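Listed next as structure tokens is one chain, alone, in the form predicted alone.
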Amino acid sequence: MRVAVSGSSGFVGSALCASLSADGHEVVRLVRREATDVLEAQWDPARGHLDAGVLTGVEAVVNLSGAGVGDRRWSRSYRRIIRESRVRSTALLASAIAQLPEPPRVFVSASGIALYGPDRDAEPLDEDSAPGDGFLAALCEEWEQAAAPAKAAGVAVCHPRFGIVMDRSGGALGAMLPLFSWGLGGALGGGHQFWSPISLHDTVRALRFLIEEHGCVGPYNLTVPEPVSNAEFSRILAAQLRRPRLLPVPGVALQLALGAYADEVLGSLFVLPRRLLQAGFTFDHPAAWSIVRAAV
């Protein structure tokens, strides 16, 4: 199978490309720099440049482009970068797909559980739950809507709504491991907020499920079936590392360090992968303890 992937050098994208290539699939990586081999294609979503010909013969397109939401404090200019890096790239790919005489079978275009808002407490949330409020919630709605041209062209459009993707190589867990390994880790804020994580391993498996299983369409929450409080996650991680836990990190300290993004970190989202389970997907790491045990 020939698969085109944007965001191929990112945390999730690089793992997905490696998995597909290892199984003999031909992966075309969309890159912003100059292409260095025949399986790379240069594009420039900021300027609206993409040669649709690079998608000829592709059965699936996976769109994972987007600036990191936690990479910097949320200035007005960085909010614009976060938004445009997602919406413009998605709209460009969807339009290019729609123009092809023989479009790909499926367009897997990323989204996030931030669509449900920064804080829904312990309310169980699935794909039918109403969107929430705030910058990221509105962005995720716009991000998904940007794929409309591909859907109008008859392509199966899937939106994996990513939870907190975890692996020792990066993401939230990668950032937490050094502190917890040194015995300096603790819960964030009150620690009562629910986290909806997923291992990088199962993230890749779920993306491949959406790519390879015919009939998948619409939003899919990529989260474990058993969300966990932040305090419980920190307890599990400290116990696995055989290290003590410190007192919780005060919310005010996170506000000072992260600015507006702290509201997302301290918020509570109890998100369930109902549609993924109904489609027949099974998790290798269905709970926080299994994610931590596999990574540590």
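Quick caveat: nothing in here was measured; it's all calculated off a predicted structure. Numbering starts at 1 and follows the sequence shown.
This protein has a second form, the form predicted together with a small molecule, left out of what is shown; the following refers to that one.
Problem set entry | Position in contact with the small molecule when the complex is considered in the model of the complex, options 39, 67, 231, 241, heavy atoms within 4.5 Å | If I apply the 4.5 Å criterion carefully, the residue I get is 67.
Exercise. Exactly one of 117, 163, 149, 104 has a non-hydrogen atom within 4.5 Å of the small molecule in the model of the complex; which residue is it?
Worked result: The residue in contact is 163.
Exercise. For the chain shown here without its partner, which stretch in 78-86, 209-217, 117-125, 150-158 has non-hydrogen atoms within 4.5 angstroms of the small molecule in the model of the complex?
Worked result: Correct option: 78-86.
Exercise. If you check in the model of the complex, is residue 194 within 4.5 Å of the small molecule, heavy atoms only?
Worked result: Because no heavy atom of residue 194 falls inside 4.5 Å of the small molecule in the model of the complex, the answer is no.
Exercise. Does any heavy atom of residue 143 come within 4.5 Å of a heavy atom of the small molecule in the model of the complex?
Worked result: Residue 143: contacts the small molecule in the model of the complex.
For this session: Indicate whether residue 11 is a 4.5 Å heavy atom neighbour of the small molecule in the model of the complex.
Result: Judged by the heavy-atom cut-off of 4.5 Å, residue 11 is in contact with the small molecule in the model of the complex.
Exercise. Given that the partner is absent here, does residue 49 sit within 4.5 Å of the small molecule in the model of the complex, heavy atoms only?
Worked result: No, no contact at 4.5 Å.
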